[in-house]
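One chain comes next, on its own, written as structure tokens: the form predicted alone.
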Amino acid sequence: MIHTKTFIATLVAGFALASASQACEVTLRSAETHPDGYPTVVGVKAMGKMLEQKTNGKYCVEVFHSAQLGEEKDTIEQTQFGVIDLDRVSLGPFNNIIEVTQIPSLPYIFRSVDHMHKVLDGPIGQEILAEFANHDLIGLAFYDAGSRSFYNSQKPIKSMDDLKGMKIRVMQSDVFVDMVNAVGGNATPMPYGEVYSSIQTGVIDGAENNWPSYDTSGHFEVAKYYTLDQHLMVPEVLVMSKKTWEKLSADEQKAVMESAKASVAAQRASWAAKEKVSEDKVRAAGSQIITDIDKGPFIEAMKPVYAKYVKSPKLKSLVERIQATK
């Protein structure tokens, strides 16, 4: 269910936007949890500019960044209901909704960023995006989110033994919960916006995320130990409400899809630059970066996770095809 306060905030924002944006005939509302200037925000804004050009100013996109429309779980539901038009979300929260999204969210499924791009830019990526249509959403494009690693407030993590018993925040995804539990941690699902205070007050010991999120969230201020185990490369996904999509003409749908695909290059460029800036910032702030780690035991520990989630012939084939992509 949509939280009442979030629903009202969305409607109020929509009315305010309608009066403020008279230049376009239609302004599409896009939800985003990250702050303004974050690479995913850059990507969606680039998509909006291209859409405006392609439709001769008929359509604009307004990005409500910094979780103005709610946390990801809420915005997914609102987008399904058509209250929000566009939503940029990590693939993780979709794991419990769209089964096939569990595969790109598996630990160590991608060998490198280049491997991930080849998979997501090809037919496999399109097959995954197509699945969203069965859940009142239209999958438009994948964005980069880098590699995710563990960070905490207690001590350097150099092995699985160091993780034992640590309360680690994860996305509200069964795959993420099982991943952390498999390496000895105590997985604690919670919304992204609650992580800082939870680490600060000792509710949890740490979390796992990429360089820019570790930086822009301020988590590095309360969790000084960052271990580059790079266990996940979970892509972000840009989706449109199916209700909004079905109101568009065929030409307008084409313009939306083309604009979304074209925005990927802008988002990736912004991501690469942001990763470097964020890494330099947290290192300068005194975060202890642990790079001397043997990933072998971590990868081995993931076998039960794969066994649990990769059961059907369809999913097994998908894993094989991803692993076979060169």
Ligand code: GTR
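Values in this document were obtained by computation on a predicted structure and should not be read as measured data. One rule holds for the numbers: they count along the sequence shown, beginning at 1.
Below, we turn to the form predicted in complex with this ligand, even though it does not appear here.
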Taking 4.5 Å between heavy atoms as the contact cutoff, choose which of Gln80, Ser105, Ser213, Ser149 touches this ligand in the predicted bound form. Ser213
The one option of Ile84, Val239, Met171, Met179 with any heavy atom within 4.5 Å of this ligand in the predicted bound form is Met171
Is there any non-hydrogen atom of Lys274 lying within 4.5 Å of this ligand in the predicted bound form? no
Does the 4.5 Å heavy atom contact test between Tyr192 and this ligand in the predicted bound form come out positive? yes
Exercise: Thr101 in contact with this ligand in the predicted bound form, heavy atom 4.5 Å: no
Could you tell me if Glu72 has a non-hydrogen atom within 4.5 Å of this ligand in the predicted bound form? yes
Have a look at 135 to 143, 250 to 258, 122 to 130, 88 to 96 and name the one stretch with heavy atoms inside 4.5 Å of this ligand in the predicted bound form. 88 to 96
Need the contact residues for 292 to 326: heavy atom within 4.5 Å of this ligand in the predicted bound form, sequence order, or none if there are none. none
